[in-house]
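Here we start with a single chain on its own, the form predicted on its own, put down as C-alpha cells.
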Amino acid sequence: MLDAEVRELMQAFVLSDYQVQEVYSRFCLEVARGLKRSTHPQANVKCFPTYVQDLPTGDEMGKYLALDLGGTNFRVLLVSLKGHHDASVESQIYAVPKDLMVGSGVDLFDHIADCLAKFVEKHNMKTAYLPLGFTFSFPCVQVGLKEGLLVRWTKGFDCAGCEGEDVGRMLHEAIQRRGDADIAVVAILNDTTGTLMSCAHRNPDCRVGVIVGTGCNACYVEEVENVDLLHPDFKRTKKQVIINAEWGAFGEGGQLDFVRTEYDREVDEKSINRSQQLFEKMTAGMYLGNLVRLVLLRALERKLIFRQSSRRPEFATVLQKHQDVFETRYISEIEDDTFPEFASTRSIVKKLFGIEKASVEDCQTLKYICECVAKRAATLVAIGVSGLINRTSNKSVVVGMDGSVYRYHPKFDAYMREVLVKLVKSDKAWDIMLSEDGSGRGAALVAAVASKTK
C-alpha cells in the first residue's frame, strides 16, 4: 500500500480537471497569438511556417539523402523511394564530440560535411546528384524551404557564430569547401515535420507530428489564410502549410506558473537556458530523470523511502553528484516492471545505491514517483496535441508520434489518450500512430516533394 505521505509529496504533479482545462485554454490562446503578425513577437508558441505545403502522395520515386541533427548524435541516411508508399533506408550514426557541441559553428558543419562525404563514398554515390533534406531540430525561423535562421541552441548545444544565421547555407558552404560530392541542400525541416511527413506517407489523414524525446515539440497542418507570417506568394496556389509550433517555449510568459512545482523551478534554475523552454522542461527526456532525482532527494529527506536504511545520507550524496545520475530511461524501465518481483527497479536501485534487494514498499514508492512525473508529461503533451487537432479542418486526424520517451515508455500513449478523449472536439475522429523514422525518411520525403514541385 502506498503511504499517504508519498501521495501528498506527489500531489503537485497530479493535474486536476480544472488545471488541464486551464492549460488547454492558455495553450490555444498562445497558438493563435503565434500565428498573428501583431502578437507574434510576444507569443511563446511561435508557430513558424515551415514552407512545406505538400504532403506526400506515396508515389514519390528516387534516391535522396537525409541528414538528421538534433542531439548528441547525428544520422546520415540514403533513402530510396520506390512509389506505392514504399521506401528502403540505409543509414549510419555519427557522434558529435562534446567539444564540437560548444565550439564554433564552422567546425561543427565541417565535421558534418566530412561524415556526409564518407557516407556517400561508402555507398558508391560520389558522382551522383543527391538532393538532401536536412532535419535540424532546434528552434528556427524559416524564410524559405531551404533557408532556416537559428533562433537559439537547445539540448546542450552552444556553437558560436550560428544564432541568427542560415544553417542551410552553413551546411551548403561546408559541403562546398570539401568539393568532393554533388549534394544539394533542398530543404530544412524540424524533426516534427519529418515525423508528420513520414506518417502521412503511410496514412493520408496525418495532420499533426509530435516528438517526445530528448526535446519536445510539435507541428501541424494549418490553413494558409490563418498564417500571417507566410508571404502572400505562398498563399496563391496552396491552401495549407505545415506550422512548426515550437511549443517547448510555452510558459515563458508565466502561463504554466500555476502548475509548475518547486522541482520544475530547480531544474530550470540549474539549466543552461534559464527561463526558456519551460513546457519542454516538464515533458522532455532531457529533464524527466532530473525531476525524479529531485523528488527522490526530497523523499529521502522526509524519510519516505529507504526508511530502514542508515545509509540515507549516502544515497542523497549519490543523487547530488550530478543532475543526470537518474537517467530518464529508468522511468520507462521502472514503470514497465512487475509486482512483486520488481526486477528492473531493484537492479536500478542496486546500480545507484548499492542496495542488494530493495523492499517491495520502496520499489512501489519509486514506481509511483516515476508514474506521477511521466503521467504529468503525457498529460501536458496531450493538452497541446488536443489544441492542434481541434485547429485542423479535417474531420479525421491522425497524430504521428516519435521520440524515445513516447516510444519506450510503456504507458505514455495510454496516459495521452485519457486526456485526448476529454479535450478533442466530439465531432472529430482521431488516432495516434508511431512514426517510422520521421527525421530520416520524413526528411527524404520533404526533399522529394521539394524536387517534384520545382
Ligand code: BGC
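The first residue of the sequence shown is number 1, and the count goes up from there. No experiment lies behind these values; they were computed from the predicted model shown.
As for the form predicted together with ligand BGC, it is not shown, yet the points below apply to it.
For this ligand-free form, the site is classified open because ligand BGC, superimposed from its arrangement in the predicted complex, keeps every atom beyond 2.4 Å of the backbone and C-beta atoms. Annotated contact segment (heavy atom within 4.5 Å of ligand BGC in the predicted complex): 147 to 155, selected among 102 to 110, 147 to 155, 81 to 89, 253 to 261.
Put simply, T283 is far from ligand BGC in the predicted complex: not one heavy atom of it is within 4.5 Å. Proximity of F138 to ligand BGC in the predicted complex falls within the 4.5 Å heavy atom cutoff. When ligand BGC is considered in the predicted complex, C199 lies well away from it, no heavy atom lying within 4.5 Å. In the predicted complex, no heavy atom of G168 sits within 4.5 Å of ligand BGC.
Although ligand BGC is not shown here, in the predicted complex the stretch 164 to 190 places heavy atoms of just one residue, N190, within 4.5 Å of it.
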